[in-house]
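One chain comes next, on its own, written as structure tokens: the form predicted on its own.
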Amino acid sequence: MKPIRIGFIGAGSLANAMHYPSLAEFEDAQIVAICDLNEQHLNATADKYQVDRRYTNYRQMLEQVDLDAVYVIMPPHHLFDIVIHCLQAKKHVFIEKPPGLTTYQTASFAELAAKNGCLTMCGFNRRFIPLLAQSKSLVEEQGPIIQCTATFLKYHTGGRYYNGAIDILTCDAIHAVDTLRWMGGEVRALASTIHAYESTFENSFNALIEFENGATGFLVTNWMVGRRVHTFEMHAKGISAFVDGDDCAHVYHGNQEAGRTITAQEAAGSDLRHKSYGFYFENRHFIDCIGQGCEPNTCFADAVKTMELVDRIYASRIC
């Protein structure tokens, strides 16, 4: 088969750290065009990956280059018109989280993608962290998950995200929200607390969740604490996994005291960050799905469900 022809809209730091190096390793994918308004970033990235077709206008790129798929990697408040244009051109589309500013925007993406037969993916990379995926498999080998927790903490004093274009829960803490859905399933009921600690805007979002399968979930986020912590817990009958995706997982079975420790590098088979933190594997999933003609796990239609859960967290606040 011919390699899948990829166009990139965006040559910023995240794309260069995670997505370009991932795709560059795939023999069945080829980056054939890059677009960015910043010509310095554009040329530096295109030079590094030996891409000749360079654009500062994404519409021209789509008109002039035969592309199978487009990566749109940029801040969320710049996504909408570009993603819609790509879907109207019937291109498969990959975007980073969040999948738009609102659930309505995300649903618009999903509806147009379905209408035009486009395969889509939102980069909820935590689902693809090898350490987290392996830990989930070990737990579920013993039975269904009965309790899970997603904790995401930061110390953020930099003001509103993108000068107020989007809130913290939708933009960033959504990683923890989506991972809870992935671990526990769809949500039956929830109660949340939302606060603005030492801030003029809300920066702490916590929720108690009952999943449709009867499992219990906990969302724990706060952007006014000591440092960045992003950890997960999964529990089934007789087994527990405590996972720090940046470091290691501790898995305990049958009341063992020592348990089993798995490092992030061991699970990924690499100490490269774009592999150990899941970006390589989410990109691999997207390319595989295009090759097989099947919908990615974190397609736009699924991303709508995560955005809807964000909405429910806001709507179910008890304080």
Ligand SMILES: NC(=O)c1ccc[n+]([C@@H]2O[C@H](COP(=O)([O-])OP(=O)(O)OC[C@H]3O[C@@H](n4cnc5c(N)ncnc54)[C@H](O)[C@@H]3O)[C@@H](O)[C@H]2O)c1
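What you see is a predicted model; the values in this text were computed from it and never measured. We number the residues from 1 along the sequence you see.
Omitted from view is the form predicted in complex with the named molecule, to which the following refers.
Here the chain stands by itself, but in the model of the complex one stretch of 206 to 214, 122 to 130, 177 to 185, 105 to 113, 122 to 130, has heavy atoms within 4.5 Å of the named molecule. In the model of the complex, at least one heavy atom of F279 sits within 4.5 Å of the named molecule. Interface membership of G245, defined by any non-hydrogen atom within 4.5 Å of the named molecule in the model of the complex, is ruled out.
The closest non-hydrogen atom of C35 lies within 4.5 Å of the named molecule in the model of the complex. Interface residue remark: A24 is not counted as part of the site for the named molecule in the model of the complex, having no heavy atom within 4.5 Å. This chain is drawn without the named molecule; in the model of the complex, the residue among H41, R284, R54, H274 with a heavy atom within 4.5 Å of it is H41.
Shown here without the named molecule, the chain has no residue in 176 to 212 lying with a heavy atom within 4.5 Å of that partner in the model of the complex.
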